[in-house]
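Single chain ahead, written as C-alpha cells, the form predicted on its own.
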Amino acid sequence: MSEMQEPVEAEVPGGGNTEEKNPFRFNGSAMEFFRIWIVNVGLSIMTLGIYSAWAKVRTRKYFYGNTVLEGTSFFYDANPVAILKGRIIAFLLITLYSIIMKFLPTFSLPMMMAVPVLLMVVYAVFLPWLVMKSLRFNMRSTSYRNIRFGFDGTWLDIFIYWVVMSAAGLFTFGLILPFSQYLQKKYLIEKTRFGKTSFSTDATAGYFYVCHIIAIVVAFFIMLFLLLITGIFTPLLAGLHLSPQTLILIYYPLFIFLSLIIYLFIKVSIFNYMIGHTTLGEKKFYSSQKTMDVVKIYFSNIFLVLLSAGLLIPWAMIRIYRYRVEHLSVSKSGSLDLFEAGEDEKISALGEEIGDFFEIDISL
C-alpha cells in the first residue's frame, strides 16, 4: 500500500464553495510492466495462445494493483482457467460462424437469404447475454478493501437498451441514438454496486445531444474546409498528374485524424459528465480529462509503437491508463470503510471472452 494522499480542494460545479477531494493514483511504471508484458507475449506464443488467459489476469492484476485510492489499491483475482474455458468456447463459436459464412454462397437462394437474418436474430438475442455476463465477471473479479464490486443487470433490460433502442435509431434517422447512449451509460452505472451499495447518477440526456450537435457542426465545417482546400489545390494537383489513389492517400490520413478528434471529443466529454454526476453513498466522483490531451497521447502512442515495431506497447498502455486514472477523484465526504460486502457468487468468463472476440464496447 502506498501512503495516504493529501486531499485536494476543488470547486463544486454550480456553486462557489469548495470541496475536498481524494485523487486516484497510479504507481505502475513502463519498465516494470514491460517485463510482465514481454513474458506474457513470449509464453502466449510458445503455448499457442493458451497462456494468454494467464497473461490477461497478470496484466489486469498489475494495473488494478497499482491503482490507489485513499491509500488502498484495487485487487483483481479472476481465475485464468475460467477465462481459458471461455476463450475455447468463444473460439469454437467464432469458427462455426466463419464456416457458415464461407459456405453461404453454396446454399440455395432461400437459405442464402434466411441464414443472415437468422444470424442477426441470434446476435440480437445473444448480445444482451454477452454484455450481462462480461460485466458480472469483471465486477465480481474486482475488489477494494476486501469488498467486491457487482453488476445486477438483467437480460431483458440490456436487450431493450442495447438492441431495441439501437434498432429504433434506424427509424428515427439517428435522432434517438444520443438518448439511447445516455440510457445505456445510466443503466451501467446504476446497476453496478460496491458490496451491497449501488452507484447512482443524476445525469440527463440533454448533455448527450449537446455533445453530438457540437460534433456534427464541427464535422460540417471541417468538410467545408476540405472541399475548399480541394477546390483550391485541384488545378495544381492536376498539373502534377496524380492518380486518384495518390489523392486518396493524401486526404485519407487527414480524414482519419479529424474523425478521431471528433470521436474522442464525444467520448471524453460524456465520460467526464457521467463520472461527475455519479455518486456512491455520500461519495461523489469527478473526472477532468481534456480532449486534446487524450488526442496527443493517442497519436504519439500510435506513432511510437509503430516506430518501435511494437516494443513500446507497454509504455503506451501505461501512459493512457495513468492519464485516465490520475484525472479521477472522489469527494472526501463519507467513508469507504462503512460499505458492506455483498454475497459471493461464481460467474462464468464466457461472456467476456466472446465479447472480446466481437470487440463489443461496454465501457462507460
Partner chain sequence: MTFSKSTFHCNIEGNIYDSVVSGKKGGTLTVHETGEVILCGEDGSRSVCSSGDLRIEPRLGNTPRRIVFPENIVFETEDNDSVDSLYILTGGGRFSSFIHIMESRWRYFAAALAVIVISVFCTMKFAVPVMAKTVAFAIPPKYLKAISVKVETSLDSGFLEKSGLKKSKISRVQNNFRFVTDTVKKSGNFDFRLIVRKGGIVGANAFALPDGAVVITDELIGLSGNEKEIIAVLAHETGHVINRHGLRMLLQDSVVSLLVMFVTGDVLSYASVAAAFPALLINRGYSRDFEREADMYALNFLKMKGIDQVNFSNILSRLQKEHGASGGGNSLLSTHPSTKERIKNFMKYSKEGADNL
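Numbering follows the first chain given and starts at 1. Bear in mind the structure is a predicted one, so any value in this text is a computation, not a measurement. Rigid core here is just the name for the largest C-alpha set that superposes within 1.5 Å across the two forms.
Note that the form predicted together with its partner chain isn't included here; everything after this is about it.
Although the partner is absent here, residue 66 sits close enough that one of its heavy atoms falls within 4.5 Å of its partner chain in the model of the complex. Though the partner is left out of this view, residue 154 does not reach within 4.5 Å of its partner chain in the model of the complex, counting heavy atoms only.
Remark: residue 58 counts among the residues lining its partner chain in the model of the complex, judged by a heavy atom distance of 4.5 Å or less. In the model of the complex, residue 336 approaches its partner chain with a heavy atom inside 4.5 Å. The single contact residue among 85, 267, 290, 145, judged by any heavy atom lying within 4.5 Å of its partner chain in the model of the complex, is 145. Just one listed stretch, out of 70-78, 116-124, 156-164, 182-190, contacts its partner chain in the model of the complex at the 4.5 Å heavy atom level, and that stretch is 70-78.
In sequence order, 305, 306, 310 are the residues of 277-310 having a heavy atom within 4.5 Å of its partner chain in the model of the complex; the partner itself is omitted from this view. For residue 105, the Cα coordinates differ by 2 angstroms or more between this form and the one not shown after the core has been superposed.
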